[in-house]
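Next up: a single chain in C-alpha cells, the form predicted alone.
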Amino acid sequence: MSDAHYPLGKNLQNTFFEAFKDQGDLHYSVVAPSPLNNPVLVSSNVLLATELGLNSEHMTDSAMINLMAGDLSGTKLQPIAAVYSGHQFGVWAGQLGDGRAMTLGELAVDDIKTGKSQLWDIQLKGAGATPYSRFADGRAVLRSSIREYLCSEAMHGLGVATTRALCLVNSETPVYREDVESAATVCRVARSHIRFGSFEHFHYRNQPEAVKALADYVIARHFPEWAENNQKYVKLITHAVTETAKMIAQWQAVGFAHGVMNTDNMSILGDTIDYGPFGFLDAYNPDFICNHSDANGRYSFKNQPSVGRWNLNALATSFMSLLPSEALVTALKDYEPTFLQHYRHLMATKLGLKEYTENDESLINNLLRLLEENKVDYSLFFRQLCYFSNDNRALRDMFVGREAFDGWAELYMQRLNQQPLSDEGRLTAMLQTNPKYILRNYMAQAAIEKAEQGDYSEVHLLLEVLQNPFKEHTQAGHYAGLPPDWAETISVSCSS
C-alpha cells in the first residue's frame, strides 16, 4: 500500500479472500468500486481511528478521503463482496449478498486486554454496485449514511456489542430514490461481517462442504484455540447463541429497536450490524415498531428476544451437516436463561441494585407496566431515577397516576435500604449506567437536514455526545429532554 494511504496501515490483508480464492465465486465476488464525484469528508471518527492504531490526522488527507469514497488508485487493494442468503420477515428470501457493501481488507490491531492481534474488517458501504445488487445502484444516500454512522457509535458508547464507523463521506454523485439525493459512503469497521445467512446460503444450496469451510474460517480467525478441539462446532454455535442473547438483552435494557432482524442481519459473533430503520424508545411502549415497512410488527420492540431465538433456530438448521440435532437443541436451550440472566442484571444495575434477586422481578415488571400505562419517557425516567430520594417530586410528576407510582417508589426505597450502598455511591453507579443522551430519530433528522445544506456541524456535535452518552454536554443540553411533538411524524423504513 502506498504511503499516501498509510492511514489504514501497512498490514491491511484479506484472509477471507485468501481462504476461498480457489473456489471461484462460491463465497464472494471480486469487485471494483465506483468512486464518488468530488467527495467531501463529513466526519471522521478520531476515537475509533486511535483505537485502530491509525494516525487520526491522516483521516482528513485528500488521499484518504478519496480512498473512503471508493478511489483505490495507487493501492493494491482487491475489494470483495460476500454472498449470503437469509430469512426476511420470517420468509426464505434466497440469495442476497453485499449489494452495496464491499470489504477492502482486514486491519490487524493489537488487543491491549489480551495482548493478541485481532483482525477488523474495513468495509465501504455505498461505493457502487456488486453482483449481489439485484439491479440496484449499490449506492447509499447521505441521510441513511448519517443514521448508520451515528447509531453504530451511539451503541458503542452505550456499551452494546456493535459494528463501528470510521468515517462518513458525502459527494456530488446523484442517486435516485423518491427524489434526487447525494451519494455517500460509510466506512464500517467490524470484527466480522459473516452472518447467520452466510451459513444458511450454503445449507439451502446443499453444499455442506462450504458450510464446514465457513465455520472453519470463523474458528481459525476468531477462536484459534478451538481449532484442534473435537467440539469446535458445538463451541461455535453455543457462542453464537449466548452472545446473541446478551446482545439482545442489551438492546432491551437501553430501549433500542433494530427494526429489521432478518437472519442476514444477524452477526455470527453477536454484534449489532446493519443499521437501517432503527429507533430508540421515547415513551415506553413494548409494542413500538420502528420500521414503517414492518406492517405486522414482527420486529416490534417486545418481539426482539423471541425473534433472536427464531433466528438462532434458523442458524442451527444450517449447522445440521456439522452437528447432530441433539447437540444443536442443547446449544439452543442456553438462549433463554442467558438472555434472562443478562437482562435482569442490566435492569437491576439501571435501578442501582448491586445484585439481582428473585424478588426484583416484580419490582422491574411493575415499573415497566407503570411506564407503559403513563407513557413515560424510558431514558429520561431512568436518568432522573439516579437522583431518587424520599422527595420524589420530579419523578412523580412524570406520571399521570401519581399514587400508583408512590406505591412502587415505597417498595423501591425498601429495596434500596436492603443493600450496603450509600446514596452517593448509588448515584455515581447509576449515572454511568443510565444515559443522558440516546440517538432519538429527531436528533438524527436535525443532523441530516443541516448536512443536506452542506453544514456538518450537527453530525460532529452528535458524534461527540453519543460517544460519551453518560456525561454532561452543555453544548447539547437541548437534546437531553423530551423530543419535540414533530418527532412523531418521522417515518423510517428499510430504505432509510
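Note that this is a predicted model, so its numbers are computed, not measured. From 1 onward, residues are counted along the sequence shown.
Missing here is the form predicted in complex with a small molecule; even so, the following discussion is about that form.
With a 4.5 Å cutoff on heavy atoms, residue 345 does not count as touching the small molecule in the predicted complex; it lies far away. In the predicted complex, at least one heavy atom of residue 98 sits within 4.5 Å of a heavy atom of the small molecule. Among heavy atoms of residue 88, some come within 4.5 Å of the small molecule in the predicted complex. Contact check for residue 274: a heavy atom falls within 4.5 Å of the small molecule in the predicted complex. A single residue from the set 78, 133, 293, 313 has any heavy atom within 4.5 angstroms of the small molecule in the predicted complex; that residue is 133.
Screening 149, 84, 301, 278 for any heavy atom within 4.5 Å of the small molecule in the predicted complex leaves a single hit, 84.
Shown alone, this chain has one stretch from 149-157, 400-408, 202-210, 135-143 that lies within 4.5 Å of the small molecule in the predicted complex by heavy atoms: 135-143.
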